[in-house]
Every structure is written in C-alpha cells, then in structure tokens.
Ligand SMILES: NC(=O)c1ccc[n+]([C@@H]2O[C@H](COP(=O)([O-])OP(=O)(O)OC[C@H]3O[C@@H](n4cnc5c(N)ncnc54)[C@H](OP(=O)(O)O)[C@@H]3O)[C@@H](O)[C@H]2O)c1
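Encoded as structure tokens, the following chain is the form predicted alone, with no partner shown.
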C-alpha cells in the first residue's frame, strides 16, 4: 500500500483508507482491509459505526491511523469535549489520530471551536486537527483561529463525476499542505459513475491495466498528489478490491481519456448550501426516486 504525507506533518498515511458511512457489514471486512494495508479508518459520531471500528481494530490500534468527526451541533467548547470523550469511549482508545469538524456551523464562532480543538490536542486526546466539507474561505477562517496547530486535512466529496473541488479547493489544499480526503470516491452509488460513462471508458482502461473499473476510478483520484481516498466496502471482496487501487498509476494518456470521456459536473456554492439544508430523509427519498429516471436526467440531478 502506497502512503502519502498527512498535511505538512512528518506522518504518512495509506492512500487508500476505509470509509464507514452507511456501513453495515460488521468488523470482518474492515479487519481484512487493515490486513491488506489500508491502515486508515474514517468514521464519525453521527455514523453509528465507531463501535464496529473499535472491534475491527482490536489488537492493531497502534498500527491504525484513526479518524473520526464531531457533529456541528457539538462545536461549543463543552459540547466538543463531551463529544470527543464519548467517541474515545466508543472507539476503545485513548487518542484520536485525526479529529474533524464534520461540516461548517455558522451559528457557533469558529474561534471557540478551534480553541477547543487545540485544547484536545494539548491534552493528548487528539493528534491532528481536520475539517470536512469546508470551502477555501471557511478553511482560511478556521486556520486563522488556530494559535499553534495547523489543519492537516479537509474531507470532501471527489470522484470522476463530481469534480466540484477542482477549480479552487483542490489547488488551495495542494498549495497550503492540506491533505484532501476524498469521500464517495466511487460515487455515492456505483450507478452514478456508470451514468457518467456512456462510452464505457472505465471498462476499456480497466482491461488495459489489468484492473477493475472501481480500481481505475479510485486510482484516477489518487493521481492528484494531495488526495487520499476512503471508499466504503460492505463486503470483504469489495474492501480487498478497493485496496488494489494502490501501488500503481494510470498513464498520462489514460487519465486524459478519462477526463475527456467521463461526463462530470461541478456544483455551485448555492447548490451545495441548498443540499446541506435539506433534511437527510428527504434527500434519501429523492435519491431513490431518481434511480428510475433516464440516465441524462439522473446526471443533472445527481
């Protein structure tokens, strides 16, 4: 498993980790992923997967880079301390390697939140500070609120069909030593990538490289220097397949072909704000309904 630097630290992390959003397969697939070299697990207090992550890491904790997230309603100092302690208990550990703000919360001063994050680092409960779903401006404000430590990572959606971060956020992170942790690197669901690949270029490149289409899609993300990926796999087979995205690279020509042939979108700031304001239950209902729409319309609504 190849490794990449974590921000500007001296630490390197596996470039393929294990995502656990909507994860329901128990500890064994995660354990097999760890054994395959994906010694980087990402979870969150809101996922409900911290206990199964703890079970998967049993006996391997010192080898695993463990990341979790605090929910935005817990960004007040006292709430953040309590949330961190509860995550530590559920994860059966004495420290969180990367503690991330799950998404911005404009109702709580960022200075209060970041000061509390630094207190957690100083207390030894957290090693590194990260954020998730932060824009360039939000990253700048959060970093300016820190006195001693740096934000080392921003976890955002990035894949072949959703390249929203490419014009601004990706180059900003690369220039400022911030690792991009790509969630949903295979699309929120695989059919999203299939919808954007009407010519079957993923299958063609997979045949050329002797890899699978999923491995090609993940490797495309990894070709961006500051990017690591955390795909979810709800079976041992899928987890092991995802790990096979590391240790090799697409050629420049293959990357260019994927860039040219895959139909992708870049979401506007307004659309991203609107999506965050919609209750999760409504969002999930809309996703289920869009499966029955024609491919072109699904792409526009995806």
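Residue numbers count along the first chain shown, from 1. What you see is a predicted model; the values in this text were computed from it and never measured.
A second form of this protein, the form predicted in complex with the ligand, is not displayed here; the remarks below concern that form.
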**Prompt:** Is there any non-hydrogen atom of residue 72 lying within 4.5 Å of the ligand in the predicted bound form?
**Reply:** no
**Asked** Looking in the predicted bound form, any heavy atom of residue 186 within 4.5 Å of the ligand?
**Response** yes
**Prompt:** Does at least one non-hydrogen atom of residue 63 fall within 4.5 angstroms of the ligand in the predicted bound form?
**Reply:** no
**Request:** Would you please decide whether residue 129 lies within 4.5 angstroms of the ligand in the predicted bound form, comparing each non-hydrogen atom pair?
**Result:** no
**Request:** Determine which one of 144-152, 131-139, 108-116, 82-90 lies within 4.5 Å of the ligand in the predicted bound form, judging by heavy atom distances; exactly one does.
**Result:** 131-139
**Asked** Ok, 32, 257, 238, 267: which has a heavy atom sitting within 4.5 Å of the ligand in the predicted bound form?
**Response** 238
**Request:** Identify which of 230, 98, 221, 202 has a heavy atom within 4.5 Å of the ligand in the predicted bound form; exactly one of them does.
**Result:** 230
**Request:** Output the sequence-ordered list of residues from 20-51 with at least one heavy atom within 4.5 Å of the ligand in the predicted bound form.
**Result:** 20, 21, 42, 47
